[in-house]
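Coming up, as structure tokens: structure 1 and structure 2, two forms of one and the same protein chain.
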Structure 1
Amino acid sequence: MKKIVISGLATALMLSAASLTYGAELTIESWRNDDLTIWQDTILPAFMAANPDIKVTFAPTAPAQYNAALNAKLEGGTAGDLITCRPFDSALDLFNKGQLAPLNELSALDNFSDVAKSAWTTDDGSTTFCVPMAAVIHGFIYNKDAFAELGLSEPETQEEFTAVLDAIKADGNYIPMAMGTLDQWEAAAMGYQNIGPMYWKGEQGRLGIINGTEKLTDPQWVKPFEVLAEWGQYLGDGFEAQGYPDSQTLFTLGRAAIYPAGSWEITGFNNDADFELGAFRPPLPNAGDKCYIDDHTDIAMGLNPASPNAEAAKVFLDWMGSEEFAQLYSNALPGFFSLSKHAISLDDPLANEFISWRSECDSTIRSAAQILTRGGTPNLWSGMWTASANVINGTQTPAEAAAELQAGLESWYEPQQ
């Protein structure tokens, strides 16, 4: 007994001595508690193998509590050294309050495009304060077995897309598309923002609204609503009372043929669906048009200026811009794609399909994400939820929906007045 105690004490001493030999210990604040094992088993060991004098711990909080918990920790001075950044205003707020350090001198940032950095850069574009990690891409996931059974192929254009939907509907064995409007968010994120960039030409349209040179009532912004208005007839019975988890289940049970998606669904669908999955990008308005995809920036990493280990943290942030990190992260979390310029190869075929669109199309982010949802009431992004759901439900015409969004934006956003 005594021996065990002594040897236990000895081990403890050795362990604490071992940890003293590390140069620095870093802690990562994050809301991705789902990814804990991936960080612990895959990502951090790779970094620590290359940098043995730096010890990194991943310490996530539950997503819903992250913002509040992080604020409390930052204000109390107990926050970790590295801080996972939410996109746009919530990270910008932290930077403005001096709770995120500017990272302009970090060479790793050169490995990211301006669109990738836009979510964590000040409005004037002068300072970037987080290293972009991952984006999610919108598109459509479909049931390959169902398509084979009905002799259908992936649609390229809107016309072909409608033909495919009509064929599935005529056959009657499958619900053409799995989507509901109860939660409204699906209608906006997987509907309007999914197909919209093709019409408003990605960044051109998004910046046009921000600069005030385009209006939400312009044809390129109304047209996607007109396409959505057609969707209602292809959704399942009672789609008005169908929520987001209902749609996911409907598709993975094999009862629906197409699922308007975001790439974050990949892991879940791979686990739940027992048929072969394929993906096609949002349909082109006309054959031969240039294509634009919604490649929405979602997650990044910043530096706590109060950190005593800033130098070590910068080493870690620099590594996050490397090809090794991009490769590791994108493969561990299929569907969350590294935002770096490195060409990465993915093992998951579905994730590969999504990321291949980056080379064919121009990327943009959700049109309402930057600046346009700042402070004002009514909120443009929430407005898009309601408007898109109304248009699909058929309770509002596309023109009315667009006019309401425009009026709401004009009421507080100066460049649009």
Structure 2
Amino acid sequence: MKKIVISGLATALMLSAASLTYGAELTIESWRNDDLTIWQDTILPAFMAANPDIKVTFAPTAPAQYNAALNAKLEGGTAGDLITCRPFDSALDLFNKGQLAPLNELSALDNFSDVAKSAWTTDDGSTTFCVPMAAVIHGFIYNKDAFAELGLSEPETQEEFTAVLDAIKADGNYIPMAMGTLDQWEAAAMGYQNIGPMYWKGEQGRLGIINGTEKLTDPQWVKPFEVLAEWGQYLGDGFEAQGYPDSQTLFTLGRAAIYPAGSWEITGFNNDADFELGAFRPPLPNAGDKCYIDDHTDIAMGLNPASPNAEAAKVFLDWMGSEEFAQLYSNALPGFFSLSKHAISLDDPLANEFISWRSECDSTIRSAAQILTRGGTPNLWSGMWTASANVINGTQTPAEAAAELQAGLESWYEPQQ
């Protein structure tokens, strides 16, 4: 009789759980409007084939409007069931306001390391509130045809990199590097944070700033600015007025030989460039130095606690921790690399080159991403935008840029006081 009762109870619980997901219609909020067809044609059909009782719609907002639009929807009670999470403080702020649900009970989270989850976990490590999706990796994408034409090889050290840039400039048929400083963020993301980890030794330096044992005026933090100060001569005429889309176009049209990059460029460059693409790691300061890469946690997915379809949304979030999702997502979006522990294979050769650096180098994230953006005006990350652009433009010396950033951090951040 006890077995019959227990069995009956288990059956009732399963039926109850099934009824909570049957016929559910989920909506995903995201800023990745360029991914719409990938979600519609590849990712969501795979999930819905295995879960035919759940319908999922991907409803993105333009990136520049996403934060404001999402906040308005959350405040007004009209936000979707699933919320695409930016890393660190922006998502943490939503969680602290009760606008993202805790997800500790999800079995999917067992498939991610603590480092992978850190961008969407409370400071004390007790609660994770988004399922990690992907990271992006920084490096340099180059025109293989141009390199072959000029007899150039991929540089491994800073000295070799400078020699390559000088050779391209001397030839005169190509702009050595396609990057402008008008929008500023590229100077910080694809400049300072791209090459910087090689000098401040990745996580050692990043955590040193957070705990106050290092300062932004220390040599290992000033040296990347000194390298950036040399970039201006290689960026072509008028780079100060050149925006991000201009740089992309300049490179894909074949007018520039090298592009300081994030791996998110891979899909667009594959589509737009009619030459063979290659990639090389940020140059080592000196031959034989240890290698570090900016392998930045970029995107995750969370649950709107006000969702009327929470159980169905959790089914989707659990699936996002699967090997199937990791494989689908990483191949559908070359350059966005799964953060899960699953071993995956990539079809795109350029994406394979970027991800291979994980086995050769120590990974770190952008140095100002965690904790250090919470105070000061501007915050440290915004300050790095301006400082990096000014150094490249020649309107601020590396030492002045570092001193200004340090003073700003000291003005509010106790471990640096």
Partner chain sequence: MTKALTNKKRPFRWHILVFLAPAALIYTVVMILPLAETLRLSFFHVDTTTREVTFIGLDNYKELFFNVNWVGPFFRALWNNFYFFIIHMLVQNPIGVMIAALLSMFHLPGKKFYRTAIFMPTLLSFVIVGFVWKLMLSPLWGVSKGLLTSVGLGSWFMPFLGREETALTTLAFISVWQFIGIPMMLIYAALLSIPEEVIEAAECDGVTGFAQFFKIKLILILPTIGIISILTFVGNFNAFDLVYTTQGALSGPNFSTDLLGTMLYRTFYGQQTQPGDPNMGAAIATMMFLIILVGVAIYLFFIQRKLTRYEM
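For numbering, take structure 1's sequence and count from 1. Worth saying up front: this structure is predicted, and the values here are computed from it rather than measured. In this text, the rigid core denotes the largest set of C-alpha atoms whose superposition between the two forms falls within 1.5 Å.
Matching the description of the form predicted together with the partner chain is structure 1; structure 2 comes from elsewhere. Rotation of the smaller rigid part against the larger between structure 1 and structure 2, from C-alpha superpositions: 14 degrees.
Lined up on the core, S113 has its CA atom moved by 3.0 Å between structure 1 and structure 2.
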